[in-house]
Ligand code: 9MR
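Shown here is one chain on its own, the form predicted on its own, set out as structure tokens.
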Amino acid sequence: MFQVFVNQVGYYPKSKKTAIVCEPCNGFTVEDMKGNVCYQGQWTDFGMDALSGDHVYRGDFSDFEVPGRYIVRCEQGRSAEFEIGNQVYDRLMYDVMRAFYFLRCGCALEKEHAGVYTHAACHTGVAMEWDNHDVKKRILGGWHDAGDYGRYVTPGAVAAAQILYAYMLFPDVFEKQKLNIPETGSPLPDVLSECKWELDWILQMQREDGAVYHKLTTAQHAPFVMPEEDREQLYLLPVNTVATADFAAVCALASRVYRKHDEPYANKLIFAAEKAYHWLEENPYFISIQNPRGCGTGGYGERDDLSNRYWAAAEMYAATGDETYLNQTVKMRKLPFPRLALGWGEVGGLGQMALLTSQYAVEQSILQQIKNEIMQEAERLEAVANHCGYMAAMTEYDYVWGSNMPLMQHGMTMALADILEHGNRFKETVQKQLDVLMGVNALGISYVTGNGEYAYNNPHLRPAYADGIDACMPGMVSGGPNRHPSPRDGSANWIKPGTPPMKCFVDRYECYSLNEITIYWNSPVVFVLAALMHKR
């Protein structure tokens, strides 16, 4: 392990560059790969950092801008290698986006595109409704949601939406990006081809009456086998208002994005969204999802469907301009739900983004209220980051299962604030959140496989374990530190009681409460990277 913590991928020449050590040192040098000293600097004593338990010293080398590969060295040791350059995040973005290809379901991953990470077609059997085995459907495609082989509408909708908004707001980052997927070379940008793989699956999850099934899984999670070896019966789990609302929202959003590329597909999406929304209107009360007896796959249950219905109404207005949807959105704004949340459990922030990006008129007072809320939250997050030795905009309560999700979603919020201000007020703090993910943290770990000299490599991900290949497929984002490691997966055996939140992590495949992957942990990283790469 390194004694000096840096962003192990690197920095843009003119970006803020901060190294961290946890013991007093006389100074530091930045050295090239030949050992030449290129820069000298001094450490600044930040003091004790409560969430890591470390006494933190920061070394600023922001004014060193010469492109190349380097390490930071001091008497305590050295950092991982990193790069300074104008394309420094291109490979990271490529890998984080390509991770979705590696999670494709229903098709074979061929050597031409997958390299050594090949497997045969998986989960191609006929699914049946859990409660009515006479109802059967063959539903192919989509992304495996996480370390298991389940496919779930609500997290899938959110992951796709975050990527689609990244494309909408920062199109220059993606327009020429080639992901080496089977669709590369088609008229669609590769990022939209990859999202279409998920959207096409989501469309198949809709019933004739407009309602949407919650998930498509086996009865229990598969053992740690390759996906094509998971041959248990597939089940469609019951329709509910949350899945149907998220379906309507993401299909409406996608219709806006795809319309200039593929109008028939955009029409198909908005037709499905309208059908789902009509079902929601006919079912105005919350219909929840709970795993029935005998089903042990992911629940993704929610307390209510308020933010989901809000997101759906806002996206429907943004896609159609029908004021009926706007009126419903305005009414729902008076209800109690988190306005800025961007995760699968609460999606109010995605509804705000729909209104902010709508080409149709929204009352100025509403837009101003949304802007004020985002600016206030960005200012709060910046203050939290400034009080953290490692510059993470994270409180103790953010270190939960999948803590890298709030870390990156906080970066999303601050990036949105910069868009609203037409400036770069928060860009430095957004950069710091990426730095934390990529190694400027209390363990000095890069939480993205294959990226960084000290990147984690053993995620709770079935094919990564079962393929027999030592190096994990690159681009998988770990859940990260969790102040409540689970005793059920053995995590609690590896984390001593009283361990500071930022250090509650271990790189072991069985520890799903610390080290699982999910599509909706990758997607906010895509958004944050796009914000930083925009117009470089």
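Just so we're clear, the structure is a prediction, and the values are computed from it rather than from any experiment. Quick note: we count residues from 1 along the sequence shown, nothing fancier.
This protein has a second form, the form predicted in complex with the ligand, left out of what is shown; the following refers to that one.
- Contact check for Y167: every heavy atom lies farther than 4.5 Å from the ligand in the predicted bound form.
- The ligand in the predicted bound form comes within 4.5 Å of no heavy atom belonging to G450.
- Of the heavy atoms in D148, some are within 4.5 Å of the ligand in the predicted bound form.
- Contact annotation: F224 falls outside 4.5 Å of the ligand in the predicted bound form, judged by heavy atom distances.
- Checked against the ligand in the predicted bound form, the residues W401, Y465, W201, F337 give one hit for a heavy atom within 4.5 Å, which is W401.
- Residue G298 is the only one of P182, G444, G298, G106 with a heavy atom lying within 4.5 Å of the ligand in the predicted bound form.
- Just one listed stretch, out of 356 to 364, 240 to 248, 312 to 320, 148 to 156, contacts the ligand in the predicted bound form at the 4.5 Å heavy atom level, and that stretch is 148 to 156.
- Residues of 515 to 534 placing a heavy atom within 4.5 Å of the ligand in the predicted bound form, in sequence order: E516, T518, Y520, W521.
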